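Shown below, as structure tokens, is a lone chain in the form predicted on its own; questions about how it binds or moves come after it.
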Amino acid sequence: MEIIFNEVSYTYNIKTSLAQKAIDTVSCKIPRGNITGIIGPTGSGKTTLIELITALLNPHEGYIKLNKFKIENNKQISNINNLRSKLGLMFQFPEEQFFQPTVKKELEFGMKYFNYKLPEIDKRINQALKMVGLDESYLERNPFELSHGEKRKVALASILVFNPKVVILDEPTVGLDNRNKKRLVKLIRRLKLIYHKTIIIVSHDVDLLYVLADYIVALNKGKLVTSGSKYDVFSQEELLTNNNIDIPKVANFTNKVLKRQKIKLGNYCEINDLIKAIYRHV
């Protein structure tokens, strides 16, 4: 599902003296079937952007188009539940929202609320567990007793049970150690490559996004700074730095070699591949 923003603006407390524009005339696209990273300093509008995508907020100006759905000001979305069923949103520290005594009850809760039939519930739970790399032995386990990495997988499975076309992850690696971060990276790639999900990741971790994302949307103070392939975006070092956005370590090194030595090493997102490229030029 491709997502298109057309001159979208959103203002908090719009009718008061405390009015604050969180998104300011943003036009960009989030490509279908790719992993898109949304970056920017604190307060840049990243969270507001994903709340607009999921129709938790409606834009005050412009519109957002998701296939046949159109989100705009003062217009009711026909069959909004159908739209939201295609979008899966996982917030920061989603495991803090667990409240059921077993993984199975945690995963089936939302489907029971929407009146799914029991055979369909069991089928979807098993499919979701498979997607995140957990087996059926986890179903009767207490989610509060799982490791941090396992909890994050269960939280992700709880949105995958609805088989959304778009998966939105808000700071998915926060609180995870390096080992669990690497496991989550593999899992997210799997969701894209095997299950063909469109994935949106909001993160301050630009090194993670440089490895994982295909496409980047950069924001600052509610405005679009730039967007495009990760290699194009992170080559714009001066623009990003002026907008308080960090450059991934690998991209920063590559940019400096090009600037100072006039050597174009090429596009590499993994440090090992970059080292090999350097040796080839020695």
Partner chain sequence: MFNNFVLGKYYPADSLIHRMNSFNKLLCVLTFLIGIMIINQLILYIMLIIFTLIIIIISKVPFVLFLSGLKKMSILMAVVFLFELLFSFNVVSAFILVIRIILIVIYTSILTYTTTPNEITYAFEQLLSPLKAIKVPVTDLAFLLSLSLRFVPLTLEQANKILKSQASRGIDFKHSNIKGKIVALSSMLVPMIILSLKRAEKLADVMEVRLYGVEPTRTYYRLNKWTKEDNTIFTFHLGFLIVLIICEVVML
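Residue numbers count along the first chain shown, from 1. Since the model is a prediction, treat every value here as computed from it, not as a measurement.
Although not depicted, the form predicted together with its partner chain is the subject of the following passage.
Its partner chain is not shown here, but in the predicted complex it comes within 4.5 Å of a heavy atom of residue 76. By the criterion of a heavy atom within 4.5 Å, residue 51 is counted among the residues contacting its partner chain in the predicted complex. Although the partner is absent here, residue 97 is a contact residue: one of its heavy atoms lies within 4.5 angstroms of its partner chain in the predicted complex. In the predicted complex, its partner chain stays beyond 4.5 Å of every heavy atom belonging to residue 139. The candidate site formed by 84, 89 and 92 is fully in contact with its partner chain in the predicted complex, as each residue has a non-hydrogen atom within 4.5 angstroms of it. Interface residue among 146, 191, 121, 159 relative to its partner chain in the predicted complex, by the heavy atom within 4.5 Å criterion: 159. The chain is drawn here without its partner chain; in the predicted complex, the stretch among 225 to 233, 64 to 72, 51 to 59, 25 to 33 whose residues come within 4.5 Å of it by any heavy atom is 51 to 59. In sequence order, 106, 109, 110, 113, 114 are the residues of 106 to 133 having a heavy atom within 4.5 Å of its partner chain in the predicted complex; the partner itself is omitted from this view.
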